[in-house]
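Each of the two blocks below gives one form of the same protein chain as structure tokens; they are labelled structure 1 and structure 2.
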Structure 1
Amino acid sequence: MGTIKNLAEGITALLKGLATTLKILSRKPVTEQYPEYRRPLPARSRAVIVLTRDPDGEERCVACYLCSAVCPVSCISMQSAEREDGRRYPRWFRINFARCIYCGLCEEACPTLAIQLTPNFETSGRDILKLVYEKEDLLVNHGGKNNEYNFYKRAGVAMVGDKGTQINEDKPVDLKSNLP
């Protein structure tokens, strides 16, 4: 009795699956003409990486190497340098989009919000060397998603003034007053 019931359930499940397949096969295909019509992407889609600038027009990247350290496929490389005023910047910055998996970890790791992923996904090509982008190819003239953020206004190049006098900084705690 149990084997007949199991056999009937198996045949029923098989017929339901075939019915679903036949229903989908009988639909009229939908063809989207790609270059003319581009499907709208979700707001949080991640694709090509750009390097943004702060509101003063300076590069946001301070060459801290966090993006290259967190990259699971090691497609980001750079070399740091320092200006006369103490501000760090990448002498060169390179991303290999042939290896990039667009995971967004570099964007999450960046403390200065310099690296941002855009919804532009059209990066295919026949020559693999043309998919290696240099700093000049990645720099944009805006702040991206966080247009008003300025890392050096928050962190500063060097400590100027006393502790507790910087923007949004609390007064220092006297450790001796916390002792019992």
Structure 2
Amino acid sequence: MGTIKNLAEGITALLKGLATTLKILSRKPVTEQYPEYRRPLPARSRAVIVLTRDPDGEERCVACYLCSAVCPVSCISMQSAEREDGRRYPRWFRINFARCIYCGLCEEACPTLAIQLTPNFETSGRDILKLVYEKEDLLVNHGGKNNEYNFYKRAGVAMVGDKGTQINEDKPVDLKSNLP
């Protein structure tokens, strides 16, 4: 008896499946017609990477190597250097988008909010070397998702102002102070 029941159930299932597909056949497709229609992407969708700037227009990247360290496909490389005023910056900064998997770990690791993923994903081209982006290609003139943040205002090193003048800092200790 069980076998027949199973058989019956099996056949019904097959038929149900057939019915379902047949039903969908009559539906209107849901596909969007790209590129005629470009669906607006959420701001947090992950595609091409940019390097943003501070509110005061300086490049945010301090070449701390955290993004390159965290990158699972090793597509980020850079060379840090010291600017004349002591600011740390990437002498060159390279992302190989031919390797990038747009996982966004670099953005998460970035302590200065410099590296950010944007919704722009249209980068395909015929020359693979064109997918190797240098700093000039990556730098943008805005702060990206957060226009306010300035790393050096919180870092505790003297860069955008003297020591003790930044957020949540006390005046520098006066070594020779007579006060107890």
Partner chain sequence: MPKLKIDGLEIEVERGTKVIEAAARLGIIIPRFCFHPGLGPVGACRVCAVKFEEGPVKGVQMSCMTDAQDGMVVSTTDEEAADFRKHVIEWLMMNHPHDCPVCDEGGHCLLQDLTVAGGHGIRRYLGKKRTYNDQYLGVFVQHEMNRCIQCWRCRRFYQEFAGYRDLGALQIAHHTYFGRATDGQLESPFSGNIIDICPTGVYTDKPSRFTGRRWDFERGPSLCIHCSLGCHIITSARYREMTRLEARFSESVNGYFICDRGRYGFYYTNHPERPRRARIRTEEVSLDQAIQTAAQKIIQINQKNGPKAIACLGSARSCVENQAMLIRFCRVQGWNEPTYFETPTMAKKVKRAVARLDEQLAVSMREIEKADFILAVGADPVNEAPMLALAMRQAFRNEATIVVIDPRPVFLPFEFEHLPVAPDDLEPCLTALIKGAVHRSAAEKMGEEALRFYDTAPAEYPDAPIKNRMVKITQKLRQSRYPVIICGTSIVRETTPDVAADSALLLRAARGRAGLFYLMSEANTFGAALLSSEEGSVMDVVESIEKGSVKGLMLVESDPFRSFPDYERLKQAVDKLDLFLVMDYLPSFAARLAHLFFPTQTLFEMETSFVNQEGRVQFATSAYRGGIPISQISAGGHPLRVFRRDIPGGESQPAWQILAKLANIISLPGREMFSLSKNELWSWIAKEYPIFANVPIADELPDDVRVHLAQGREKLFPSGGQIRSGGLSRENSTLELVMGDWTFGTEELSTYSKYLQQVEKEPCLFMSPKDASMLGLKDRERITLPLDKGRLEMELRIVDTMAPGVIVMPKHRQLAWQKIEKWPVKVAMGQIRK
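Structure 1 provides the reference sequence; residues are numbered from 1 along it. Please read all numbers here as calculations on a predicted model, not as lab measurements. Take the two forms, find the largest set of C-alpha atoms that superpose within 1.5 Å, and that set is the rigid core.
Enquirer: Look at both copies of the chain and name the one that is the form predicted alone.
Expert: Answer is structure 1, the other one does not fit.
Enquirer: Using a superposition on the rigid core, decide whether the Cα position of G86 changes by 2 angstroms or more between structures 1 and 2.
Expert: Yes.
Enquirer: Can you give me the Cα shift for K23 between structures 1 and 2? Core-superposed, in angstrom, one decimal please.
Expert: Rounded to one decimal, the shift is 2.5 Å.
Enquirer: In Å, how large is the CA movement of D170 between structures 1 and 2 relative to the superposed rigid core?
Expert: Looking at the C-alpha of D170 between structures 1 and 2, the offset is 8.9 Å.
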